Each structure stands twice: as structure tokens, then as C-alpha cells.
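Heads up, the chain below is alone and in the form predicted alone; it's given as C-alpha cells.
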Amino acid sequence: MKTRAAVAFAAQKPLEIVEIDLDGPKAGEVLIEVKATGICHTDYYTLSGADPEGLFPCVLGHEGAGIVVDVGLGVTTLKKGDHVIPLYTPECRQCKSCLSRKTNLCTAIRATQGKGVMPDGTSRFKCDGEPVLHYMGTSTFSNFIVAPEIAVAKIREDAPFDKVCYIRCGVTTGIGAVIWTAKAEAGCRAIVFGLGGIGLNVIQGLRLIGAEQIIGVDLNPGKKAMAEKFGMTHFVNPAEVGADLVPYLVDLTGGGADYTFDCTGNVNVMRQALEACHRGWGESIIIGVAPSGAEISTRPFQLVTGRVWKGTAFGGARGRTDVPRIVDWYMNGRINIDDLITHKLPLERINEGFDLMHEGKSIRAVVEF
């Protein structure tokens, strides 16, 4: 069949809107009509050429939602007509990682997914007879995609595609870091470094669990109002505090935060986040992705006195299990996604969405097919 897609033919080049060929689903796979997809910084990271695992040509995109239109042999958990969110973090429920219950990092298809192909080692996309690679197992910048059954979450049918597509990455990553990685408790004190889309979702995750103090740290004072809407109780601009940022935050939290969250990807900020934790029990969660080859450092004293550094991927959420739950939270009014979707564009204008992101004019731009 044919599908319209925004194809990245090479790094550092605008996406090209073309019609390409898509093979149907093989055993254990499903064919999905993508209805909406978000434009994320991770997509640009790969497109920029900075991603060491970036491969071209490929169809980018990993924040999608749509409808199952066909299923391959052996598929038992999905059927035609199901509303779904494709997952870049699968949940096979059978591998060592899934069975351990200690991580959400399923390893069932990691090797092939990282090579831009389906589990059988081939791509379902072709352009002029030549293979076009998949991206993160999802490639939601295409109107139709094929995905493994274990990497698709079934969701309720009344959920709007243009909103819940964002749950696939930004919403779950931020809220999940609070609930499943930090396991933060009611009454805690927390600091969130970086008030972009991820940071705002961390904030509403903290509000959701009943945090007592939620401090947002960002160089842009223009982000204060939105962060307060999502639950921030205090705003700190590092430019106004200067070199005394960590002591200032420790004092503001009465000895240090119970939990801090880095949403910047800046290794210097990661150190500040750890050192702003409370002695004896403070935990710092790293969410932001640092540049390739970057390293973090701190004095060992910070760790031997009880502070903990943790990393998180997809907020620690198990995709097929937890994503439908977060969709329910949105539909029940427990979390806010509407205010995070600041722009909507047709596929033909997808490159404008990247421009809006770089100019700081959007929290999340969504492409509707």
C-alpha cells in the first residue's frame, strides 16, 4: 500500500513529504493508521546528526495515536478498529527485564529496533524500491505504520488523538518520573530544573501525588505563569541567584529537597540538582538527555552522605500497562494536556513545527493527518 510520510533522507536536511510504499503486517505485527503525532526534541536530535544511533533515510516520529486497520498472524491482544498508541518502549511481558518487575526497559526487540528495522530484520517502508528505515519502532510521521504487537498500547475510543498522542512521550516521561521512578509521596518537597514540556509534566505529577512544595528553576521568567498553572509553588531564576543557587535552594527547602528532577540535559545542572537534595535521603532523577559523550560528576561526599542519583526512561512506565491508565487520568480530568498542545499543523507544514520548537514558541506542536 501507499502512505504519505515526512521522510528524513539525510541529517541536517528538512523533512520531505513524499508518498512511499508500506508492506502489510507480518506475524506478530499490526498496521496502524496514525491520526496525530507530536513533534519532539528527540526527533530533532536525530535529524540534527548528533544522535550516534541515527540512521538515514528514515521516517521519524514517536508520539503518535491512531487506529488498527489490520493485524498479522498470531496477534491476540489487538483487533481491527482498536484505538492505540504505538510505543518506542515495548512491553513483551516475557523477557528477563519484564519479568523482573524492576525495570520498564523491555529487551525483546531492542537489537532490531536500534537498527531501524522490524523484529525480522527488514523494513516495511520503501521509496523507489529502496528501504526506508523505521524510527524508535514507531515512525509516526507516516500516515500508516506497521508496529510489533508488543509495542502497541490499546486505549479507550473516546480519547482525542490530537491530545493523547503526547502521552506517548512527554506526558508519561514527566509524570512517570514522579510516580514510578522516584515513587514520590504526598507532602514531599521537590525541585524541577527546566520548565519545558517535560518539566511541566513533572510538576503536574508532583501535584497529582500531593507534594507540599514544588519549586521550578528556569532562566526564562516567561515560563512562570504556565508552571504555576500546572502546580508550581515557587519559581527561581538562576540568573538572579547566581553562583549561590544550590545553597539558596537548600535553604528554600529547609535543608534540601526530597526529590529533584533534571529536565535540561545539561550536565552542570544535573550536578546542581543532586547537590540540592536533602542530606541522608534526597533523590535526584535525571530525565534530560545530555549530548553524546558528556559525563556527569560530583564530589563522592554528596553520595556517601545519602543522596541518590537515578536515571529514568519513559518515566519508568510500562507502556501497554500504564499508558492506558494515563489516558484515563486525562479523560477523567486528573491531568492537563490541552494547555500543552500549543500548535496544530498538517503534515505538509511539519518543518514549521520544528521551527516553532527551536524558537521557543511551542510546548508541543501536533501534526494531524
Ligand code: NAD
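When you see a residue number, it is the position in the sequence shown, counting from 1. Just so we're clear, the structure is a prediction, and the values are computed from it rather than from any experiment.
If you look for the form predicted together with ligand NAD, you will not find it shown, but the lines that follow are about it.
*Asks:* Within 4.5 Å of ligand NAD in the predicted bound form, heavy atoms considered, which of 288, 119, 72, 231?
*Replies:* Comparing distances to ligand NAD in the predicted bound form, the residue within 4.5 Å is 288.
*Asks:* Of the options 207, 271, 223, 278, which one has a non-hydrogen atom that comes within 4.5 Å of ligand NAD in the predicted bound form?
*Replies:* Result of the distance check: 223.
*Asks:* Spell out, yes or no, whether the shortest heavy atom distance between residue 88 and ligand NAD in the predicted bound form is within 4.5 Å.
*Replies:* Result yes; residue 88 sits at the interface with ligand NAD in the predicted bound form.
*Asks:* My question is simply whether residue 218 lines the interface with ligand NAD in the predicted bound form - judged by any non-hydrogen atom within 4.5 Å.
*Replies:* Within the cut-off, so yes.
*Asks:* Though only this chain appears here, would residue 195 touch ligand NAD in the predicted bound form if you measure heavy atom gaps against 4.5 Å?
*Replies:* Close contact exists here: in the predicted bound form, residue 195 approaches ligand NAD to within 4.5 Å, heavy atoms only.
*Asks:* Given that ligand NAD is not shown alongside this chain, does residue 67 nevertheless sit within 4.5 Å of it in the predicted bound form, heavy atom to heavy atom?
*Replies:* The answer is no: residue 67 has no heavy atom within 4.5 Å of ligand NAD.
*Asks:* Which one of these stretches, 169-177, 148-156, 78-86, 294-302, sits within 4.5 Å of ligand NAD in the predicted bound form when only heavy atoms are counted?
*Replies:* In the other structure, the partner sits against 169-177.
*Asks:* Does ligand NAD come within 4.5 Å of a heavy atom in each of 13, 60 and 354 in the predicted bound form?
*Replies:* None of them does, since no heavy atom lies within 4.5 Å of the partner.
*Asks:* Could you list which residues of 31-57 come within 4.5 Å of ligand NAD in the predicted bound form, counting heavy atoms only?
*Replies:* Residues within 4.5 Å: 41, 42.
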